[in-house]
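Shown next as structure tokens: one chain only, the form predicted alone.
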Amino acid sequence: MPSDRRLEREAAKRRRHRRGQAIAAVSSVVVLGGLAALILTSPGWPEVRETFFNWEVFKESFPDVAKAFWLDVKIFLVAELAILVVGLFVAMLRIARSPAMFPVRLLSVVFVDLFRGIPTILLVFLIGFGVPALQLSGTPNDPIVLGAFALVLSYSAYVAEVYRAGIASVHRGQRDAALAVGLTENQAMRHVILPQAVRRVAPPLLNDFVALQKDVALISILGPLEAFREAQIIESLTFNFTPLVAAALLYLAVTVPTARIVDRLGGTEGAVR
């Protein structure tokens, strides 16, 4: 009977699934257990445990590091919003077709090439110390503002290219259909092309923001007491690296969930199960 064969196939599929899960569990235990045994039985493990994983130092330092981490979160949220806007603006300039827009289009190309080519840490250093050195009236001297501005410039160049790739991926027929029903070029871009492009580039955009969450720590070179800087200060006072581990755990608490969201949106969740 067809129904019997279907039931047999489903039962066989369930057996294969259970067998695969069992193999994955056993292999994980063997590999992770072997790594744990290798580390815990190494001659230097007691010293590493005392230096990097000291529970008493962790309890004492974690509140201060967590309080400083709130500055990282605020910088990230503000910078992310600015990057989304600036990146989209630069991308729109790059795809402008009007001959009169050529100078602006050229400037947008220079913007992308310049700020993608300079390492982010170097850009933070140059802007954070270079702008105050100019002594221009009306320019901010706050290292937090300058560091966030440097991050916005760097990441906007990357995000602009992500946007541009998303817009280019929308089939030309979508634009032609929008024009055929009476929409203008601007209306077609706003109501038809951009919504599709943004949905397509959501995973790579989130991937860039996972990197941004970590690169906020680069602002520490300008002096603000964010999580990494606070951990460094405590480490220099205690001669123990555990505060840096505490800072790393805070970054992981933010970046790992975001990475899983990226995996799910990108259709790669099966690769991490």
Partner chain sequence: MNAIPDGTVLDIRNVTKAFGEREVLRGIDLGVREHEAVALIGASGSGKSTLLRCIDLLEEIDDGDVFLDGEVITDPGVDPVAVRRRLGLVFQAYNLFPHLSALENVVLGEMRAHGKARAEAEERGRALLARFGLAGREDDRPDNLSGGQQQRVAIARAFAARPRALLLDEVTSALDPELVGEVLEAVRDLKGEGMTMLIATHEMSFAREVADRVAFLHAGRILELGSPEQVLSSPEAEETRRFLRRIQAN
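Quick caveat: nothing in here was measured; it's all calculated off a predicted structure. Residue numbers count along the first chain shown, from 1.
Note that the form predicted in complex with the partner chain isn't included here; everything after this is about it.
Within 4.5 Å of the partner chain in the predicted complex, a heavy atom is found for every one of 174, 179 and 191. Checked against the partner chain in the predicted complex, the candidates 121, 183, 81, 202 yield a single residue with a heavy atom inside 4.5 Å, and that residue is 183. Note on the interface: of 194-202, 161-169, 92-100, 131-139, the segment with non-hydrogen atoms within 4.5 angstroms of the partner chain in the predicted complex is 194-202.
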